[in-house]
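Encoded as structure tokens, the following chain is the form predicted on its own, with no partner shown.
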Amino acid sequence: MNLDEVDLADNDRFQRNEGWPQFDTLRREDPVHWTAEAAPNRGFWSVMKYQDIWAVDRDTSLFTSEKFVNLEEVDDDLMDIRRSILETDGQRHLALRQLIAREFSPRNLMKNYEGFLRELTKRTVDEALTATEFDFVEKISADFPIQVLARLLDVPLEDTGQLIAWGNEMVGNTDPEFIEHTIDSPESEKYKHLPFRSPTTQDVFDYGRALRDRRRDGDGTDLISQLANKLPNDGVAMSDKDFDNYFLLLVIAGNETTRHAISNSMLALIEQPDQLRLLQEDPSLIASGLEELLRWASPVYHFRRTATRDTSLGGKEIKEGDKVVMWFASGNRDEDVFQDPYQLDVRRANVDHLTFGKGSPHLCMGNALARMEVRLMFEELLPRLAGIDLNGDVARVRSNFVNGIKKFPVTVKTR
């Protein structure tokens, strides 16, 4: 793709899976690139190379999350209303993070959740493989993570369908299949006080508050009980809005990232069957090849920061207040870091990818859980498969934020 053809603000291109040639061109020709946007937005800098992305993500004093982390430019008077832990830096961010961080530690997950997750994975796979044709997203990659989230939040399993729908609408707020008024439509202006400019956000808030109110002063160990009954270690109690936005983030992050990581990884194994055969012939490679699958999948294309002062990056002059967007997916295909980056190689060594925000204070809190979920799914699924093939078109989310797959029809043969 020619440089003058690149437009990272065009969601339709990402729905057609055309992000990758744009990333390649920019890494090669303009690794810190300015993209203009339609009003009221003002445009953004795109950071495309691995080392530059890593540098931006680590430096919260120069590149802050406080001005929000997606491309939407939120009005100053609405920032505190909409602010979640993602849009918080410094000690307050750390205090909010530590409320539930222990639950997501590898040690705690191994002790309290791996056995449950293994059985849940088996049930998901058993149910899916009762048919020879099914939608992989519906039966496996969406069904499994949302059941894990239901366990963590201690909510009824019959509510999981609603949680999936809410997550689709929030993350897919540029996709008309998921939301009535997309974020780039004039009608969304009336919802600008709500996260993702989605009217159903209030439904998520109401659902979460009802759970919290029932569990206050209780002895539950689920995530809602911990948020309801713990005081952050900075001594500042969470407001209702703090809780609302924290709960909303859990609903989204606890489902969407793992879902799309599983989908994109399975699609890659179908399209590169030599790698699927390696994992089936030597299942121990699933654990060691996990990081390569996560590099490949790159379920989140980008996160944004905002420059707190004038600075330079990659030879470009960045002004205070400019949006600076870290394209993690591009960094995970950086030829200077990963040899043959478009080759999935489950034997690749030392895969130090950017998928979860490597080395950042905002490192994905659920990264160990996501790793466990992806590993368990493939450990249970792949040995059962004698064959798996696409059985129709793969439909992607219309989004330059989430590298999501909506529909993924497959035909399977079981051993």
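A quick note: this is a predicted structure, and the numbers were derived from the prediction, not measured. All residue numbers refer to positions in the sequence shown, first residue = 1.
Omitted here: the form predicted together with protoporphyrin IX containing FE (HEM). The next part is about that form.
Can you work out whether protoporphyrin IX containing FE (HEM) is within 4.5 angstroms of a heavy atom in all three of 93, 97 and 373 in the model of the complex?
All three within 4.5 Å in the model of the complex.
Which among 97 to 105, 112 to 120, 269 to 277, 337 to 345 is in contact with protoporphyrin IX containing FE (HEM) in the model of the complex, heavy atoms within 4.5 angstroms?
Among the listed stretches, the partner-contacting one is 97 to 105.
I need to confirm a contact call. Of 63, 50, 44, 356, which residue comes within 4.5 Å of protoporphyrin IX containing FE (HEM) in the model of the complex, counting heavy atoms only?
Partner contact (heavy atom, 4.5 Å) among the options: 356.
Quick check on this chain: which one of 137, 85, 329, 128 has a heavy atom within 4.5 Å of protoporphyrin IX containing FE (HEM) in the model of the complex?
Among 137, 85, 329, 128, a heavy atom within 4.5 Å of protoporphyrin IX containing FE (HEM) in the model of the complex occurs only for 85.
Look up in the model of the complex whether residue 194 has a non-hydrogen atom within 4.5 angstroms of protoporphyrin IX containing FE (HEM), and give yes or no.
No, no contact at 4.5 Å.
Residue 362 within 4.5 Å of protoporphyrin IX containing FE (HEM) in the model of the complex, heavy atoms:
Yes, residue 362 sits close enough to protoporphyrin IX containing FE (HEM) in the model of the complex that at least one of its heavy atoms falls within 4.5 Å.
Although the partner isn't part of this model, could you tell me whether residue 166 comes within 4.5 Å of protoporphyrin IX containing FE (HEM) in the model of the complex, counting any heavy atom of the residue?
No.
Contact with protoporphyrin IX containing FE (HEM) in the model of the complex for residue 31, defined as at least one heavy atom pair within 4.5 Å: yes or no?
Heavy-atom contact with protoporphyrin IX containing FE (HEM) at 4.5 Å: absent for residue 31.
With the partner left out here, which residues of 246 to 263 have a non-hydrogen atom within 4.5 Å of protoporphyrin IX containing FE (HEM) in the model of the complex?
249, 250, 253, 254, 257, 258, 261, in sequence order.
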